[in-house]
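One chain is shown next in structure tokens, namely the form predicted on its own.
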């Protein structure tokens, strides 16, 4: 084996002399590019993972370790009591269950509506098509906060052609329930729905029309062709839209604060965790307590880690399909 290695080195230098040093330059250039790529990837990974590691190690520290300058990464005294406190502050079992079913419901509603609309934009011509697609692009660009007042007024005095006012004598107040957000998701006005429509439109535009024409020749109607031919091939991109919708709904605060403020959701609980800290420690100590900033930051970090953990697990299971769908969409644009 040593002899083979020596022969390989000799043949390399011989080939390098024959090429006038080109082979060596090529290998050095290739190695330099590989090293630079490795350092870049390592740096990006470190920038992403390092804050998570810091939050994770800090979460196991007792309060005295937070003020000890000699404690940097590993806690001097490890404890799980911080997690117990955060569990109680966030009302965690109820908040996770409510967030789970709410995120699933909204994600499913958004995927159903945006898939139909994206397919319509990709395959059919109708009046003012470019104008309506411009509205979709505007839905991506315009922040939802600009519509907050109109949404508040609309769903506080919700009515359809005066029907509810004629029956009950006044419009319905849908705020504080799942109904407003469900209606918005089913009508493609939910969180980031414009982006999902655009992604699905780009995918369906790249599917050969010959597949649909062959289905029409075989006697399939429009709906049957869509459900039997187009949807099975679009599973990866639909799954990506579902993941986007689930993740953004899981961490959303704007819509949940406007429509689901009475629900115990993780985003709502995290938003008010600082206020509850004072009441919690005051009740425990029996007197008014001012929570130090370092202690507040530690408990908030634990809450953020708990909130992000289900999303990380979800991505680990779905990363292959997710990356595949994004790649396919990019090649079809």
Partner chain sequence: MRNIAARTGSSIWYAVSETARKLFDYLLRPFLPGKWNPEYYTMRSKNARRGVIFILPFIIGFIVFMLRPLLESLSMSFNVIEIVPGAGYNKTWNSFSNYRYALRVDSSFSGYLLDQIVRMLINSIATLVLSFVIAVILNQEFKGRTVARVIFFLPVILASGVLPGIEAQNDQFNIMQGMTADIASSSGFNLSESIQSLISVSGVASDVFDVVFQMIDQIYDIVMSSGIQIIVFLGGLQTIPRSLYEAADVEGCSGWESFWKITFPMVSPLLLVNGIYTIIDFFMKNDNTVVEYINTVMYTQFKFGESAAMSWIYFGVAALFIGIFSLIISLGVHYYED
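The structure presented is a predicted model; accordingly, all values stated were derived computationally and were not measured. For the two forms, the rigid core is made up of the largest set of C-alpha atoms that agree within 1.5 Å on superposition. Positions refer to the first chain, counted from 1.
Only in words, not in the display: the form predicted together with the partner chain, which the text now covers.
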Requested in this report: Would you check whether the partner chain, in the model of the complex, lies within 4.5 angstroms of a non-hydrogen atom from each of 140, 153 and 315?
Outcome: yes
Query raised in the report: Which one, 233 to 241, 144 to 152, 74 to 82, 95 to 103, holds residues whose non-hydrogen atoms are within 4.5 Å of the partner chain in the model of the complex?
Result: 144 to 152
Requested in this report: Go through 49, 62, 282, 56 and name the one with a heavy atom inside 4.5 Å of the partner chain in the model of the complex.
Outcome: 49
Requested in this report: Would you kindly say which of 163, 108, 186, 214 lies with a heavy atom within 4.5 Å of the partner chain in the model of the complex?
Outcome: 186
Requested in this report: Look up in the model of the complex whether residue 263 has a non-hydrogen atom within 4.5 angstroms of the partner chain, and give yes or no.
Outcome: no
Query raised in the report: Do residue 319 and the partner chain share at least one heavy atom pair within 4.5 Å in the model of the complex?
Result: yes
Requested in this report: Using the partner position in the model of the complex, report whether residue 116 sits within 4.5 Å of the partner chain, counting heavy atoms only.
Outcome: yes
**Report entry** Any non-hydrogen atom of residue 204 within 4.5 angstroms of the partner chain in the model of the complex
**Finding:** no
Query raised in the report: Across 55 to 76, which residues bring a heavy atom to within 4.5 Å of the partner chain in the model of the complex?
Result: 55, 66, 67, 69
**Report entry** Did residue 34 shift 2 Å or more between the shown form and the other one, C-alpha, core superposed
**Finding:** yes
Query - Large Cα move at residue 315 between the shown form and the other one, threshold 2 Å, rigid core - result: no
